[in-house]
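Before any questions on how it binds or moves, here is one chain, the form predicted alone, in structure tokens.
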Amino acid sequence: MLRLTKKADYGLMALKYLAEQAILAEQAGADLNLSGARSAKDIAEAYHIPPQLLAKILQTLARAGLLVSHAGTNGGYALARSAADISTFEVIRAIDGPLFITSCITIHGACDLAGHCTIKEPLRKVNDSITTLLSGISVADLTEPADHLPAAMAGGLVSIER
């Protein structure tokens, strides 16, 4: 079964949280440069994520250019771009690396069945379809509607339905 890693789940949840916090700050008329940053601890508590693991994930996402890190007392993490401009594929790739549903490489190099394989091309098409689908889903698509945000900030899981 194809599934995301826990780290990718947590990364998507964290970006969803930050996107929703930015929406709430904007609704309140706050300066997004100051109020958009949230600590790893705040995010971990909101979604019951192990804080140390989340801190590492957030650092990875910052190195990938998806988050910006703000140091200091009111510091934390904020989205580096608009939530609508960050795809779920970018998040998953930053955390888990390239997406492959099968491996055609062995310890010895090329697959032993390369000359006889009949599934490589169909599986490449499946892989490309998954990549395209995830590239078309933004972090903004994961957020709750603005009128539901205060209740949603208590936590929850990311669910992608199509």
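For every residue, the number given is its place in the sequence shown, counted from 1. Note that the structure is a prediction, hence the values are computed from the model and not measured.
The following text describes the form predicted in complex with the DNA, which does not appear among the structures shown.
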Residue 82, heavy atom within 4.5 angstroms of the DNA in the predicted bound form
no
Considering only heavy atoms, tell me if residue 50 and the DNA come within 4.5 Å of each other in the predicted bound form.
yes
Does any part of residue 63 reach within 4.5 Å of the DNA in the predicted bound form? Heavy atoms only, please.
yes
Examine residue 135 and determine whether its closest non-hydrogen atom to the DNA in the predicted bound form is within 4.5 angstroms.
no
Applying a 4.5 angstroms cut-off on non-hydrogen atoms, the residues of 68-91 near the DNA in the predicted bound form are 69, 70, 71, 72, 73, 74, 75, 76, 77
